[in-house]
Structure formats: C-alpha cells, structure tokens
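A single chain, nothing else alongside it, follows as structure tokens in the form predicted alone.
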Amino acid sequence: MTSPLMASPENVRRVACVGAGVIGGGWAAHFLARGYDVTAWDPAPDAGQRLRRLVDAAWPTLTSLGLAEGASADRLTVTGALEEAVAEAEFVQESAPEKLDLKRDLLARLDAATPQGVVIASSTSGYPMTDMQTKAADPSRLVVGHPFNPPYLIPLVEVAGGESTDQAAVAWASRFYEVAGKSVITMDNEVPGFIANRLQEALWREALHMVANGDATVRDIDLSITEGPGLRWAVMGPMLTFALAGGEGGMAHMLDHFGPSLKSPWTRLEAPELDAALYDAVVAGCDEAADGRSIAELVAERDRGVVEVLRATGRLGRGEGSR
C-alpha cells in the first residue's frame, strides 16, 4: 500500500456508508447495532429519510439479536456531500448500484477523498475488484466486502482483493468484519459472483426453468426448500449434508452410490429466456405466495424467522463486536 493502514480493526470507531439503498442501509443498521458511529451519503434527495426508515424498521430485529454496548440509532449522521461522509472515516463501505462504470468512478472518487491508509470495501454482488479499481490512484486499499441481504441480519460477508489490492488490506478487512460481528470468507481467488451468489444463482436458474416449463409453481419451489433441504442447510452446508447421505461411509460412499446421477438430466444450468410469460408467472406466483402480506410484513416475518434459526442453532453471540 502507498501508506500504512491507520486504525487497527479492533479500534475502529467511525464507519462511512456510501450508498443508502437496501444494502447500504442494511450495512448502516448493522454497524450502528455494533456500536459504531456511522456517517452515510447517497445522492438521492430523499436518501436521509429512507435510510432512517430502514434503520428504524431493522432496529427491533437488531435489538432481538443483541445490541453492543453504547449502540444507538442516534449515532447515524447523513451528510449531503460524499467528501464530508468519508472525511473522518476509519473504514468505508460502498454500496452503490451494480453498474461497472459507476463503481469505477465512485471508487476513484472515494479513494481521492478518504484519508490515506483507510480501507475501502465494495458491496458488489458480482464484479471482481480488478475490474472496479482501474481508475483509483491507490487501488491497493480497495477490497470487495460482499454481504448477503439483509446485511444487518445475515452474518456472511465474502472478502476478496483485486490484482492491484495489497493483501494487507484484504487481511485487515477480514479481521474488521469479524470484529464487527460478521462471519467471514476470505477468498483466495477472484470468482465472478463470489461463492454464495454462484450457488444461489444455480438454484434460481433451475427454479425459473421449472416455472417456465410448468414443472412446479412458485409455491412448490419455495416449499421444497423451506420444508426440505433448507432446514438442513441452516445447520450445515450442502457438502456435509451430502456426506451424511453416505451413512458411515461418508462422502466417499455417497459419491460411489450417487455419482452416476450427475449424468442424469436433473438440472438445466443455462438461464431460461425471461420472456413475458415467465416474468408474469413468477410475479403472479409471488403475489399469490404473499397472500395479502405487504413487503414490510414479509420482511418482518423473515427477520423473525432468521433470528429464531440463529438462536436455535447457537449462532448468536459469536461475533466480537461488543464495543
């Protein structure tokens, strides 16, 4: 890096959240709940109001999860200038829309405005950092910090650097997220879509094929996961789950027994054509599944359910983020 990293991950007190949509707002709520001061910026004229509504809506869930000492939604400051938002930041989380040129320009602007030695992370859900850091004067401090929605509730964050990123910045970001109460995967290689999104995308594509072909309804697909493998995946991932399918022989026996089925036409990983008929069927299916519940009601229901799963599986209290 062109300058040494400033605060140690354990000593960070102020975080800047650049972009205040669903992801950026979720990050702001998470950091506030972990006891940080948060300064936020978004170019939308109503960004401040939207962000405060999002934080207020998430706060009961965060309270249920357990707030860090001193945590308060009042420690949020919304500014009208990007440069003001990052002027005193000790860590920056960028969560702008997924447009490559926008990301490139914004990261370059953040690099110019943020104090030297402060790590800047992007919430991108698919772009490699190598593709985003091309315009920054100091790309060595730019990393990917990819969360899962909503960031205030789902523990996972995937960290990766680009070709011009210093590995010290990657290690610093990984440690910071751990201190901030996240479950961290530090990736050795840049993979488009990272790990979790690639797995999620494979399931999503097959689900769309099933709807398009009339194989299953939206309700059928959701029930097949929530009442089936999703229950196991909440405890252990697909690899260990399949290992258990091999009985005492473990994964080796499972591969010997079920390996031939890999040649069976069970999946269609190429994405289907998202034509009007499929679009309408998916939208209508989700409306039917919602059964009159508003998006806000569904969000609250999801949050309560995830908290119960986290509590039931003993995952609450793992983070080190009490401040």
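Treat the numbers as computed from the prediction; the structure is a model and nothing was measured. Start at 1 with the first residue shown and count on from there.
Below, we refer to the form predicted together with another copy of the chain, which is not included among the displayed structures.
Novice: Would A271 count as touching another copy of the chain in the model of the complex under a 4.5 Å heavy atom rule?
Specialist: A271: contacts another copy of the chain in the model of the complex.
Novice: Can any non-hydrogen atom of G162 be found within 4.5 angstroms of another copy of the chain in the model of the complex?
Specialist: G162: no contact with another copy of the chain in the model of the complex.
Novice: So, A73 and another copy of the chain: in the model of the complex, are they within 4.5 Å at any heavy atom pair?
Specialist: So A73 does not count as contacting another copy of the chain.
Novice: Heavy atoms within 4.5 Å of another copy of the chain in the model of the complex: does A113 have any?
Specialist: Residue-level check for A113: no, no contact with another copy of the chain.
Novice: Only one of L82, A108, A171, I154 gets a heavy atom within 4.5 Å of another copy of the chain in the model of the complex. Which one?
Specialist: Checked against the cut-off, the match is I154.
Novice: Here the chain is shown alone; which of A202, L100, A252, A87 has a heavy atom within 4.5 Å of another copy of the chain in the model of the complex?
Specialist: Here the answer is residue option A202.
Novice: Just one stretch in 114-122, 162-170, 240-248, 137-145 has heavy atoms within 4.5 Å of another copy of the chain in the model of the complex, so which one is it?
Specialist: Only one stretch qualifies here: 240-248.
Novice: Who in 221-237 is close to another copy of the chain in the model of the complex, meaning a heavy atom within 4.5 Å?
Specialist: Contacting residues: I221, D222, L223, S224, I225, T226, E227, G228, P229, G230, L231, R232, W233, A234, V235, M236, G237.
Novice: In the model of the complex, the Cα separation between M251 and E270 changes by 3 Å or more relative to the shown form; did it shrink or grow?
Specialist: Closer, not farther.
Novice: Kindly indicate if, in the model of the complex, the C-alpha atoms of V299 and R53 are closer or farther apart than in the structure shown, bearing in mind the change is 3 Å or more.
Specialist: Relative to the displayed form, V299 and R53 move farther apart in the model of the complex - a change of at least 3 Å between their C-alphas.
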